[in-house]
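In the structure tokens that follow, the same protein chain appears in two forms, which are kept apart as structure 1 and structure 2.
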Structure 1
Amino acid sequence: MRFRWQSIINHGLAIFVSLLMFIPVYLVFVNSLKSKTEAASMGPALPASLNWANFATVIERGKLVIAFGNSVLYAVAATVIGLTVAALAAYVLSRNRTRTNRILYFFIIAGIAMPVNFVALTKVMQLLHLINSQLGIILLYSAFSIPFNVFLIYAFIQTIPRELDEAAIIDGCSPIRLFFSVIFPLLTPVLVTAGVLGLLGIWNEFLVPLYYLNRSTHWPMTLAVYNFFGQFQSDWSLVSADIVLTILPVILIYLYAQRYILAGMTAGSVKG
């Protein structure tokens, strides 16, 4: 009986928190379909008529097609680079557990909690001539994702038997071929988890492009929304439509990949 009441309370609390998280999304979506006058108060009431033209206006005036392409480029390219580098590093550190590698591992994952020094980072970007370039943003995002990716992949690699490595070496595999032909495919669950989390984080990132991108043609969706809000802050219907178009890909990706995220987070928790 006690367990039943505890389950009811837990489910009720989860539903309550979910509703709280859903309210801002609901308000933005509802007001994106209202007229300028109706959306002025940002109220929860349904629109008198559906103004789908708001989305067409936002796409045209906000240059969201270019911004969407930039966000996809940054998110995909940085995620692929970050995952590949992190997987290689995690494999070497996990399979060769020397004292030096152990220290190096903790040094890398310390980047998860360490704050970013934007002053020093700006100096480095200037020296490398990467400021205001798409390549610079991709490399920054890749570097930022490596500590967390190494942390996830390192634990997962420990569940992969070393006998697979030995069998591949006996068959004549080189170290690179061993990793990409044997180990890398086995990392799919954790790679999907880290990849989805990385995509979501990069898509929502605001400070990095704000500091290091001055050209509007290089702006991602987050900066496009920021710029659009500055121009049309008196029209909440258009601002809401802009926000909806920005968060919609994130919501769809998360809903589709939720089961992979959970599977990848728990796959490496028990050593087999």
Structure 2
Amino acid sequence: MRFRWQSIINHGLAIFVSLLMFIPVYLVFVNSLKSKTEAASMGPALPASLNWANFATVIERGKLVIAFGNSVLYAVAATVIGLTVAALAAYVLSRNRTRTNRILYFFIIAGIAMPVNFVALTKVMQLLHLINSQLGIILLYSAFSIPFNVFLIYAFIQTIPRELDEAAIIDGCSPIRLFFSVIFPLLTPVLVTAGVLGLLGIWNEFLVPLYYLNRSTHWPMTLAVYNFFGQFQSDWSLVSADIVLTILPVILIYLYAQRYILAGMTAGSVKG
């Protein structure tokens, strides 16, 4: 009997916490369909009528089409570049463990803890003519993803048998071909995990564009939403619609790839 009560309490508690975690997302979705007056208090009630027009308004006035394109460009390009260079580096550093290479490995993953000096970075960006440029943002995001990617991939490469490399070399494979046609495909699981985490991280990031982009045509979704909020503070229905459009891709990717994400979060923290 005691066992059953315990079980009911446990399930009740879990449902309560899950509700707490879900409420803000729910609020945004219901309020995005309300009229301006209805959404004023951002309440949990269902909308009296469905104002789909909010989305059209937001897309037009918030310049969301451009922002969406920018976000996709930054996230995809930086993730691809970041993963490729990190995989190449992790591969040689993991396979050929000379003293120098071990130091290089630690030097790179030190970046996981290192805070970026954004102010001095301005100077570097100016010198390279990368300020207010999309290429600059892409390169920055690629660079920021390198330490964590190298860390994840380095650990994974140890599980790929070295005999494969030797066989390929004996067959006359060049190092580059060995990497891209033999090793790279085998890295798929870790690349997917690191890639999904990277994509979401960049999609959600806010500080880099805030520092280095002041041209609104280059803004990603987050910055567009922030500025939209500044203009339409009083209209929570529009702000909610704007937020829904920003988080919808994130939620879809999350639900689709949650296994990889949950796996990636634990890699490196828990052995095995």
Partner chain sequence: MRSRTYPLYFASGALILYLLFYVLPSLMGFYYAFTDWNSYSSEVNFVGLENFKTIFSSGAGQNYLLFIRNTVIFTVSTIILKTGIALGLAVLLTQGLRHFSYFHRVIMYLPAVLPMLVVALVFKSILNPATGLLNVTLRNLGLGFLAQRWLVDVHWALPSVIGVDTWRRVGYIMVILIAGLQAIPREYYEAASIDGASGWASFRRITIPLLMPVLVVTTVLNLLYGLKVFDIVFVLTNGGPGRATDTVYTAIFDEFSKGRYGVATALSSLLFVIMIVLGYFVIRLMHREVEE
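Think of the rigid core as the biggest set of C-alphas that the two forms share within 1.5 Å after superposition. As the structure is a computational prediction, the values presented were derived from the model and not from experiment. Numbers given to residues start at 1 and step along the sequence of structure 1.
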- Form predicted together with the partner chain, given as structure number: 2
- C-alpha of Leu19 moved at least 2 Å between structures 1 and 2 on rigid core: yes
- Task: Determine whether the C-alpha of Leu252 shifts by 2 Å or more between structures 1 and 2 once the rigid core is superposed.
- Result: no
- Task: After lining up the core, report the Cα displacement of Ile9 between structures 1 and 2 in Å, one decimal place.
- Result: 7.9
